[in-house]
Each structure stands twice: as C-alpha cells, then as structure tokens.
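The chain below stands alone and is given as structure tokens, in the form predicted on its own.
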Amino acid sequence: MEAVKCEGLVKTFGKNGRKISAVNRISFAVRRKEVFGIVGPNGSGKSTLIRILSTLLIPDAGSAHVFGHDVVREYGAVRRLINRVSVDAAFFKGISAWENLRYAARLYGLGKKDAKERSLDILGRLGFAEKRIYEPLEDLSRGMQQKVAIARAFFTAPMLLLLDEPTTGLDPRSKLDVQNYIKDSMNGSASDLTIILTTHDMREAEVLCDRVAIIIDGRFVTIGSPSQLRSMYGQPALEDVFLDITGREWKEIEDEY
C-alpha cells in the first residue's frame, strides 16, 4: 500500500469574479518511507495540495488517500496518522515553548515525562538550548520557533509528515540544523516515516528528497529523482531543470493560496 495516493485532484478558488485552479487534476503516489518533494513558485498550488492531504481543505473533484484512508470520508483516521509543519506554524505565543509542547502532547495522549524527554532530545539535535525551552514563544527568534514546530511534529511519531516550506525564512545555520535532523530521522533503521516536503529551495530538495515533482499552475509537469531529472533535462542542478521547464528566471511571486 502506498503512503499517499491521489487521483485527479482538483481545487478551484474564486477571486475577483474569476476561477483560479490551485490544483488541476493532479495524480501521483508516494511510497512508504519516501521523502517526496514538491517544488514550484508561490501560487503554484503546493500549499493547497498539502492542505487537502491534511484534511484542512476538501477537493472539488478527485480523491486522495493516506495509508488507504480517504481524506474526506475518513478524515479522523487520517488525522491520527499525520502531522504538519508549515511556514506559519501556529502557537500560543504568550506561553513558553515547553508549555506549547506539553499542550500538544496532551492532545496526542503523551505523558508529561515522555513528552519532555522526546522534546528535549529533538530540540537538542536541532541545536536548541534547553534553558530556552521555558521562555515565551514570542521572545524566541523565527528560527527557534520553527524548531519548536519541528519538535512538536516529530515527537508525536506520525506515519506521514507534511512539511510545508519548513525552512523558509530561516538563517543558514537553522536551515542546516533542520535539514540534518530530517535526514537523520529518515535514516534511522526503525523509522517508518514518510515525508512530503514543499520548498522553494532547490538545493534542499536535492539533498532531502528521493523524488521531486515540479508544480506549475496547479499541475505536476514532471516527477523523478533529482538525478533522473538532471539527466532527463541535461542540466547540472535541479534549479537549472526548473528554469529549463519554465523558460523564465526563478522569482518569488506572492502566494495567493
């Protein structure tokens, strides 16, 4: 059984009296224990697709299954198998990092001691000083807050982790800490984790992903391993593949979705 299987997914939004296809008949499958990357410019549909898989949006057409569970009809079962980290991770900013993590642990039925041990282990491997776990989230840097979000997602031991631009806006050191932790987590012999990662960072996709899909205007235009894509398009790097496909320079466009 695939970890994720989507067939003919469609999601359309209305804006200024016209319809915009955020996800346009996308079909793909993700193997268990795979890191599957989705890259593309802002507004291309990456986050919309992640929200469908995380049961936060209902598709207009098509189907999506997570470990055999339909994300619409069996959303409760899906939510028990997944966790999500986004670029705008939500917290109670006035309380400490630990209090935020403790609250999440209670939602997932984790005991205080177990949650504390897991949190400190993950945060330590992410380069987060233990003494700062007791500081209010609002007093921590953007990078430190994102590390807390990563810890919150990983300590719940999900089968599918949806990482929606997890390193966007992080300084180089914090970005490397997060990337190394993801690699270490996937390389563990006992790991049964599957990850779907969206990113703007082509180097990050090359380093972390087993396969990469390039999405443009709500469609997957190509899928393959980084080496397959480089060979297919005769380019030295994934960013060059992207530029070859789009025929224009990489640029940031305000995310409409």
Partner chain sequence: MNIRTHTYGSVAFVERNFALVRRYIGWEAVFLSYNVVNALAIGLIGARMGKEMVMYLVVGAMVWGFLSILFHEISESIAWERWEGTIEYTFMAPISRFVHLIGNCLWAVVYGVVRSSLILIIIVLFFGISIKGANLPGLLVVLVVSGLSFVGLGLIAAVLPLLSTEKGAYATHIMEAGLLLISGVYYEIDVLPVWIRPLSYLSPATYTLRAMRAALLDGAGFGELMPVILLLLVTGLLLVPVGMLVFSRAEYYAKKKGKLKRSG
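Computed from a predicted structure; not experimentally measured. Residue numbers count along the first chain shown, from 1.
From this point on, the text means the form predicted together with the partner chain, which you will not see here.
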Contact at S119, F128 and D192 by the partner chain in the predicted complex, all three, heavy atom at most 4.5 Å:
no
Look at the stretches 217 to 225, 26 to 34, 59 to 67, 201 to 209 and give the one with heavy atoms within 4.5 Å of the partner chain in the predicted complex.
59 to 67
Please run the contact check for G169 against the partner chain in the predicted complex: heavy atoms, 4.5 angstroms, yes or no?
no
Would you please decide whether N83 lies within 4.5 angstroms of the partner chain in the predicted complex, comparing each non-hydrogen atom pair?
yes
Do S44 and the partner chain come within 4.5 Å of each other in the predicted complex, heavy atoms counted?
no
Does at least one non-hydrogen atom of D88 fall within 4.5 angstroms of the partner chain in the predicted complex?
yes
Can you tell me which bits of 103 to 129 touch the partner chain in the predicted complex, meaning any heavy atom within 4.5 Å?
Y103, R106, L107, Y108, G109, L110, G111
